[in-house]
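Below sits a lone chain in structure tokens, taken as the form predicted on its own.
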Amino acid sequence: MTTTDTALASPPAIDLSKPIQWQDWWRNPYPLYRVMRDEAPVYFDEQNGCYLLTRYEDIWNTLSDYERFSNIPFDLIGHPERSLTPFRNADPPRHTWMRQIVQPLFTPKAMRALAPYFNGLADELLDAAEEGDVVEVSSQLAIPLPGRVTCDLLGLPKERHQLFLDLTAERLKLLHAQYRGIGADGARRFEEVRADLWAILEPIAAQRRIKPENDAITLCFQEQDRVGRDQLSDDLVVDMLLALLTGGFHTTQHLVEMLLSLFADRDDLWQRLRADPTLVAPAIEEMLRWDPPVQALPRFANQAQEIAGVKIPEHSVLYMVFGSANHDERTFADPETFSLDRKINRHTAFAVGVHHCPGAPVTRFEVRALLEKMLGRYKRIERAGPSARMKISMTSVQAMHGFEKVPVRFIRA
């Protein structure tokens, strides 16, 4: 979303009695969300057989109640072995146990201890980006930053980073296809990708058993040795590590893209940050609210419910539309405006409750380090071409929002 995308004072006419043409809203879904919040806050998407929740309060309450609104798809209840992503498709107490294995890596204390690492990586990436006249933010900063951080936190040797990231991206594509109903060939290939990932992790795990490190691979295999493979299988370890990588990767990538695209359009915001660097953290939180990278995630109704006067049958699929919740006028004053002075930061960008993103502190700390380094180097950011939105073939509510190209020039202070 560029600054021109947010001119929402007069949203276009939208008739919710007709099927929503989702492909019309991939650039800027916020006008549609506004109408849905006002006219159909619990909207049944007949084309996809699911309910969409668009008001902040309804989404917050639903995400906070895992007993009635589960993270486990119905066809996996009682059959966890069928899950392709057993870490994500779990609820307490099993999900709590899995989170606690790696939680020591993501505490505020752990993040503060990594400050020299984050600062050094930011300097390294900015030095490399400055070698050319035009900086393409996505490929030169937004992708390399979380790619390096997540692989390093996992404990992968640098020479294995790119292969692991490539296999993870391939797995993610196959996973999305699986949810849409792929055939046997796709399912077989999914297992092959998982085997390729395990081939990378297995020798590292053997090394960590001899010489433990402060990384996720060490923590996972220490827990496996404690409880046994029956409870923590090799496949589950791989899934947990991949969930940490993918969960922090794309959110951070798109957050960096959107922040720098905005600052290229809004020099007034950049100058405020230069005058008062303590506003960096509020700027990150405001972008997470204003244009969250994760726009929607599903939950599954374990029993018949009623939300905002709409009866929800048992076993219904509900999508929590975070992008809409974060623009709800009932919670946020003047929500379409990006404001560094906003005090309310209870946004839903990292979800809510027991499934709140465990890697959220990493995203905040690494992006903060990047911006603070940039403020010390550059007096302004100039646009060197239009930002290109990530084009998604949308048949339902948008899941991710970001750019695929953000060309800028950094003007040295």
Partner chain sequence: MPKITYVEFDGASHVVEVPVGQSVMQGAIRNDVPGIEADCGGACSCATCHCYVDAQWLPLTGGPGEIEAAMLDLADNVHPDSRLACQIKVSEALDGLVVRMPKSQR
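Numbering follows the first chain given and starts at 1. These numbers come from a predicted model, not from an experiment.
Although it is not shown, the form predicted in complex with the partner chain is what the next lines describe.
*Can you say which of 60-68, 27-35, 376-384, 44-52 gets within 4.5 Å of the partner chain in the predicted complex, counting heavy atoms only?*
Every other range fails; the passing one is 60-68.
_Sole residue of 337, 231, 103, 119 within 4.5 Å of the partner chain in the predicted complex, by heavy atom_ = So the residue touching the partner chain in the predicted complex, by this definition, is 103.
*Using heavy atoms only and a 4.5 Å cut-off, determine which of 311, 109, 211, 158 is in contact with the partner chain in the predicted complex.*
Of the candidates 311, 109, 211, 158, 109 is the one lying within 4.5 Å of the partner chain in the predicted complex.
*Heavy atoms within 4.5 Å of the partner chain in the predicted complex: does residue 226 have any?*
Heavy-atom contact with the partner chain at 4.5 Å: absent for residue 226.
_the partner chain contact at residue 91 in the predicted complex, heavy atom, 4.5 Å_ = Contact check for residue 91: no, nothing within 4.5 Å of the partner chain in the predicted complex.
_How about residue 285 - does it come within 4.5 Å of the partner chain in the predicted complex, if we only consider non-hydrogen atoms?_
Residue-level check for residue 285: yes, a contact with the partner chain.
*Does the partner chain come within 4.5 Å of a heavy atom in each of 351, 356 and 365 in the predicted complex?*
Answer is yes for this spot.
*Could you list the residues in 382-413 that come within 4.5 Å of the partner chain in the predicted complex, counting only heavy atoms and keeping sequence order?*
Nothing in the stretch sits within 4.5 Å of the partner.
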